Each structure stands twice: as C-alpha cells, then as structure tokens.
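Encoded as structure tokens, the following chain is the form predicted on its own, with no partner shown.
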C-alpha cells in the first residue's frame, strides 16, 4: 500500500483575545495550541483511529486536514501534494478526494433539504453535472441501505441511525479516497452503532477508501481500525497498531483509557487505573510532561522535563519518560 496522507509537525493555534485586548491585558502570547507537533502517516485502504477525551484536539486535527481550519506550521501532504497554505479555491479540488462525516448525525444535515437534496448537495457544490443526479441518489441510497421512499423526508423525520446513513451517502458521493469520520457512532443505540460500523467496514472492503476515525470510544475502534493514535492536550502521546495498543499500552493515559473499557467476561478481573483530576486548560499547560498532574506514576523528572517521542518497536511510538513495561510501574 502506498502513502495516502502524511502529516508532519502540525500546529494549529487559536487566538484567545484580539490584538488590542491582548495589549490591554499585557498578554505576551494570546494564543492556545489546539494541535501541537503532530506527525503521522496513513496508507491507502487503512483505518486510523484518533482517540482521546473531549478537548484533546481530535476534531481540530481532522478539520485542519480537510482545510476547515488553518494550521500555522507543519505539513499536510495528500498523495504527495502539500495542502497547508492553500487558498479556499485550491483546497476545494482536494475536497473531492477527502470527505468528512460530522459528529451529530441529524444536526449536520440541513433542516431545509430532503434526503434527496442532502445527497445531491456534494454534486452541486463541485458542479458534477455530468452525472445523472437522480440515478446517483438511488445508487448511494442502495449502498447505505436506505429505502428509495425516504428521498422526500427531512432530517427531523429520520432516526439517528437513518440520518447517519444519509451522512455516509453524502461522504461517498464523490468517491473520495479518505473519509474523516468524527464520532460516527455518537448518540446512537448500541445495536445501531454496530450496524453503522459494519456498513463502513463493508464499504471500505468494496471501494478501498481510507478512514480517519475520531472517537473517545475505544471499543468502537478495536475491531474496525488498523492503527490507533492517542491524543492528549493536542499531542500524540502514543501510536501503534490496534493489537499492540490493546495488548501492551505504553503510556499511562492509554492504560487508563483501556482500563475504563468494560469486559464481558465476569471471570476476568479488570485492573482499574483511574485518571485523577480534570483536563488542564490549554492556556495553562503543565510544565514537563503535560499528563503528570493526573499520572499515577509521575516522578520528579516528569514535572520538569518534556518527554521526547520514543520508538519502542516498529510502528509503536510513545511520548513518555518511563513507558509502561520499562520500569514505570510502581505497583
């Protein structure tokens, strides 16, 4: 498989106050880093899951890749072409190849458009008039399992699962090579979550697109992703194959996230590693390792020195002074 997406040293910053207010408040740096020094690669046909708590920067990263927010530094290369710094008109061409499924399945649809209009919209935006619009709508509805008699329904007349299927159809409309799926199962019943994930997996097997799945729900990605990247305060703290992350997490934050996953076997006792305290403010990042105020294994070095990224094995990276399994555990 060839490289599809390459992100290197990406940084996305947002202003916390205007220039005049910053001067009045004597703020030297009126910015926060929502995404900081993020690097990863994706191959064709692969699923990469971005996992972390709310506010970790997952959605901002996804929006930066598709050009909905601007990155201040770093690189975003899609099939070898640099995307960062492109204007809206130039970026529009790449949005035929990169699609996004937004988090709320109903609210992400226009309340004034029917299902037919929702699915036809990508063709209208990208002026794909050479296609038979009605035939394409029917084809896409068949692909996602929606009855043709739903074409005249409005979003408020759909269930969450049905609305999500419309979102999948919209994302598929222009045959993209990469789909960024932001919390694709959010707000859905467990049985419907399984249906949506099976649908996405089946479409990937059929068409070979890649998925960048943004989620806080580790069970969602266990059976659907090839690799996982764990985000905390805008940084990747661990990356690895799904099998490696679930078998031997190396970062205490990853261990805690996995410890919160329920297991169906009552004979297996689960070690619970709680995450103490609240997520720190991006404006007041802790010194040293940014996770140390909540880490049960923190040592003096963690409080003062920012950890570098360490390669534990091929494809398994961790940003931690004392990776688990390497003398970090104290119990």
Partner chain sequence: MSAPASEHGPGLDAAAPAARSERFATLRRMIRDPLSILGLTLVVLLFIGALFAEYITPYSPTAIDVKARLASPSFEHLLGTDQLGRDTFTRVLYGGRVALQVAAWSISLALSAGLILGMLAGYGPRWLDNALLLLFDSVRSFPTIMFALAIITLTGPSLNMVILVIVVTSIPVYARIVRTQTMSLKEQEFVLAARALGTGWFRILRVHFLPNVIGPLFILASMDIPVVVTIEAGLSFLGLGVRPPTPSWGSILGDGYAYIRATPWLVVAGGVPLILTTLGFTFMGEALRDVLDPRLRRTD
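Numbering follows the first chain given and starts at 1. Bear in mind that the values here come from a model prediction, so they are computed numbers and not experimental data.
The form predicted in complex with its partner chain is left out here; the points below concern that form.
A heavy atom within 4.5 Å of its partner chain in the predicted complex is found for exactly one of 260, 107, 243, 90: 107.
Between the options 86, 186, 220, 143, the residue in contact with its partner chain in the predicted complex by a heavy atom within 4.5 angstroms is 143. Residues placing heavy atoms within 4.5 Å of its partner chain in the predicted complex fall in a single listed stretch, namely 116-124, out of 243-251, 227-235, 73-81, 116-124. Proximity of residue 195 to its partner chain in the predicted complex: non-hydrogen atoms within 4.5 Å are present. Although the partner is absent here, residue 63 lies within 4.5 Å of its partner chain in the predicted complex, judged by heavy atoms. For residue 153, a non-hydrogen atom is located within 4.5 Å of its partner chain in the predicted complex, even though that partner is not displayed.
Remark: residue 175 does not count among the residues lining its partner chain in the predicted complex, judged by a heavy atom distance of 4.5 Å or less.
Each of 68, 103 and 147 comes within 4.5 Å of its partner chain in the predicted complex, counting any heavy atom. If you take 154-175 and check each residue for a heavy atom within 4.5 Å of its partner chain in the predicted complex, you get 156, 157, 159, 161, 162, 165, 170, in sequence order.
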